[in-house]
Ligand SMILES: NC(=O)c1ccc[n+]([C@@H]2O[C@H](COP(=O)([O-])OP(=O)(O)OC[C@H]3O[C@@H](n4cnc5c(N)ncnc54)[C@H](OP(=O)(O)O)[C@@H]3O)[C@@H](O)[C@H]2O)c1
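The chain below stands alone, shown as C-alpha cells; this is the form predicted on its own.
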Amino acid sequence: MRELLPRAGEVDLFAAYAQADPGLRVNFVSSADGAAALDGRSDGLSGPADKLVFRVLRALADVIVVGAGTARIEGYGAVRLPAEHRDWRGAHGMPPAPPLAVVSRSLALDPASPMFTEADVRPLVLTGPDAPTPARQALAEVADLITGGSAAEWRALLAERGLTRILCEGGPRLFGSLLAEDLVDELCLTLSPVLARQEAPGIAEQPGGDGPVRLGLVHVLEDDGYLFLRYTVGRD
C-alpha cells in the first residue's frame, strides 16, 4: 500500500489512521458508482487491502458500533483481532480488543448469536427506553444494555465508560442518523474499483437531510486499484 496524498510514498497504517483526540469515525466501502453493497453485502466490494484497513481501524478503536440490520446481513461474529494488533493495543495501554456495540431499538437480536456468545469482551447493546422488556431480559444475559433516547445520549454514555474513540461500521441508516445529530467526526471511505450496476443504497441514508455536508481530505492511499480516503466531517 502506498500514500498518494498528502505525500507520496510508503505508509504506516497505524500512523496514517491515528486519532489524536476522541471522536466518532465511520468506515465504509463503496463501489465507484456509489453502491455500499454488492448483491446485498459489502464483502463483494472489499479486497485484501480493504480488510487490512478494516482491521487496523478496529485495533485503534475503543468500541465498534454497528446497526443491528448490518450485523445480521453481514453475518457479524465476535470481534477477533490479530495477535500483532492485540500486542499493539497492549503496548499503547489499551485492552486486547474493543467491545462490539449493536444498535437496536426493537432488540430483535438473537442472544445465541456468536457475536454475543463467543465474544472475548462483553458486548454492548445500544437501545431506546421503549425497548420490549422480555428482549431486554434475554439480552442482559449476554450483553450490557445502554439505554438512551438519541445517538448523542448513547455517545455520552459510552464516554462515561471511557469509550471515546468510536468506530461505526454502518449501515447507511445508522450513518444517516449520526449525521442528522451532527455526531460524525471522520469518514474513512474505501473506493472499490468496481461498478456495481445494480440498485443498492449509498453509504448514508438521510431522508429530508439539511443539505450537503462538507468533507476535508486528510489522505489518499492506494493498493491494487482501491483508494482509501480519510476525511474530516465539516460542521459549517
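In case it trips you up, residue 1 is the first one in the sequence shown, and so on. Given the structure is predicted, the values throughout are model-derived calculations rather than measurements.
Omitted here: the form predicted together with the named molecule. The next part is about that form.
- Picking from 158 to 166, 137 to 145, 105 to 113, 84 to 92 the stretch near the named molecule in the model of the complex, with a 4.5 Å limit on heavy atoms, gives 105 to 113.
- With the partner removed from view, the residue among I64, V29, A59, L187 that has a non-hydrogen atom within 4.5 Å of the named molecule in the model of the complex turns out to be V29.
- At a distance of at most 4.5 angstroms from the named molecule in the model of the complex, none of the three residues G44, A49 and V194 contributes a non-hydrogen atom.
- Using a 4.5 angstroms threshold between heavy atoms, V53 stays clear of the named molecule in the model of the complex.
- Among heavy atoms of A78, none comes within 4.5 Å of the named molecule in the model of the complex.
- Looking at L179, you'd find every heavy atom of it more than 4.5 angstroms from the named molecule in the model of the complex.
- Taking the partner from elsewhere, I73 is found to have a heavy atom lying within 4.5 Å of the named molecule in the model of the complex.
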